[in-house]
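We begin with a single chain expressed as structure tokens, specifically the form predicted alone.
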Amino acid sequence: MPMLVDLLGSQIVRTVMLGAALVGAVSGMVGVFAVLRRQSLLSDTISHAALPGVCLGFLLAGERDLTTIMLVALLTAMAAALSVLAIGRLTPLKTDAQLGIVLSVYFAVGVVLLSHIQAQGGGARAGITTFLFGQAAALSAQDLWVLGGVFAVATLFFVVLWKEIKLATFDPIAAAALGLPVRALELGLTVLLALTIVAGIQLVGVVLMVAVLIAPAVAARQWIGNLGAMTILAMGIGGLVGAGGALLSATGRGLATGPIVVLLASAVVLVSILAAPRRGVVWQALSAQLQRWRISGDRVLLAMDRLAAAHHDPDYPSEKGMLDTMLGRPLPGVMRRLEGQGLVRPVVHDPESSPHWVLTPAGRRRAEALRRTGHGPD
């Protein structure tokens, strides 16, 4: 606890935590629509295409000026998105090939420019390499204003155009039929996606930024189906993993903030995929097992009801071996569950020593209901 208090007392740590939280929150907000619009690969392409813009912005400013770097990086990111669109219209290449070509070319140009800047020497020029993998410690109070501005723009965009964006995302044909500017909305979302990526590359770097953008949305999608609630949850997850990653990285020397944030976000995604209700792997496995148990129990009840009807005796004792033969498999545990539910009860059927059961009144009512709904033993 004293160590945590000391860390939070540091102006640098607080600045990095706030910056990481802003980046994570806006990434969660925009990432929801990137995931729903199936633009995860486009996000990765835009992220890598921002590198030449970062280098050109640095060369234009002559120093590490975040505002200039972000503006030029935004231009190259949008140029990459337009390049994907142009290749798609002018060639028969599939989407994955289009994205692969654009990502490779722009990133290669960025690496060449980065090498050129490094070759010029100088401590400030050495700092430009931090945009490749991120260096949160380089965030300043002035940078927070830039990140806060990006967060405000994104929030305002979604608040003002929420209904239109929602309809254009899920049913663009209907949105166009209603007269909504679907292409303008899609362009706005793409610009906002590029702006978010550019804003976050100083924290995480161009290589890992796509993970920060996509992971909170994927995790939120596992827990909630409502779009508004999912967006808010993704913002919360992004903000928490951003601030948490910044705090964790501050506890040890040489721990990079960006990778820690990505690892935390990935852990949240893993837990969500495993444990989320309805969509989680564990939940679905348990539901499937319960369904198999229920079906097995229903088949037993119907088989016992059929035996009772064939012998004109509602209290006819059904023998275990007979039920196994009728159902084609043994019934370990099924009879115990039916007993626990009060649908069957064990009886002694002298002189036989094997287990026997009869239907209880509740079991007969259940079997009758199953027959009325068209169920029957296989």
Partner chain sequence: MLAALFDSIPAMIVLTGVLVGAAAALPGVFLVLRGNAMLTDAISHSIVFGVIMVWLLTRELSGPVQLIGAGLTGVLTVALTEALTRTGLVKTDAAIGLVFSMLFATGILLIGIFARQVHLHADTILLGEIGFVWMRTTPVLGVAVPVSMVMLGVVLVLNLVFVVLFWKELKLATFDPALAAALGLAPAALHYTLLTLTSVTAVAAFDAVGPVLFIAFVIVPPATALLMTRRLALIVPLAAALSTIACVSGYFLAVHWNVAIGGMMATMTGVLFVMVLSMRALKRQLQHRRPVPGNPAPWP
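Positions refer to the first chain, counted from 1. A quick note: this is a predicted structure, and the numbers were derived from the prediction, not measured.
Just so you know, the form predicted together with the partner chain exists too; it's not on screen, but the next bit is about it.
Colleague: Are all three of 271, 287 and 290 close to the partner chain in the predicted complex, meaning a heavy atom of each within 4.5 Å?
Modeller: Verified in the predicted complex; spot residues all out of contact, no.
Colleague: Exactly one of 160, 152, 173, 281 has a non-hydrogen atom within 4.5 Å of the partner chain in the predicted complex; which residue is it?
Modeller: Contact residue from the list: 281.
Colleague: Select from the listed residues 41, 59, 327, 334 the one whose heavy atoms reach within 4.5 Å of the partner chain in the predicted complex.
Modeller: Contact residue from the list: 41.
Colleague: Just one stretch in 181-189, 74-82, 304-312, 208-216 has heavy atoms within 4.5 Å of the partner chain in the predicted complex, so which one is it?
Modeller: Stretch 208-216 is the one.
Colleague: According to a 4.5 angstroms non-hydrogen atom cut-off, is residue 296 in contact with the partner chain in the predicted complex?
Modeller: Heavy-atom contact with the partner chain at 4.5 Å: absent for residue 296.
Colleague: Give a yes or no for residue 222: in the predicted complex, does one of its heavy atoms lie within 4.5 Å of a heavy atom belonging to the partner chain?
Modeller: Residue 222 belongs to the contact set for the partner chain.
Colleague: If we define contact as a non-hydrogen atom of the residue within 4.5 angstroms of the partner, is residue 101 a contact of the partner chain in the predicted complex?
Modeller: Judged by the heavy-atom cut-off of 4.5 Å, residue 101 is in contact with the partner chain in the predicted complex.
Colleague: When the contact criterion is heavy atoms within 4.5 Å, does residue 262 count as touching the partner chain in the predicted complex?
Modeller: Although the partner chain is absent here, residue 262 would touch it in the predicted complex, with heavy atoms inside 4.5 Å.
Colleague: Give, in sequence order, every residue of 77-104 that has a heavy atom within 4.5 Å of the partner chain in the predicted complex, or say none if there are no such residues.
Modeller: Stretch hits, in order: 87, 90, 91, 92, 93, 94, 96, 97, 99, 100, 101, 103, 104.
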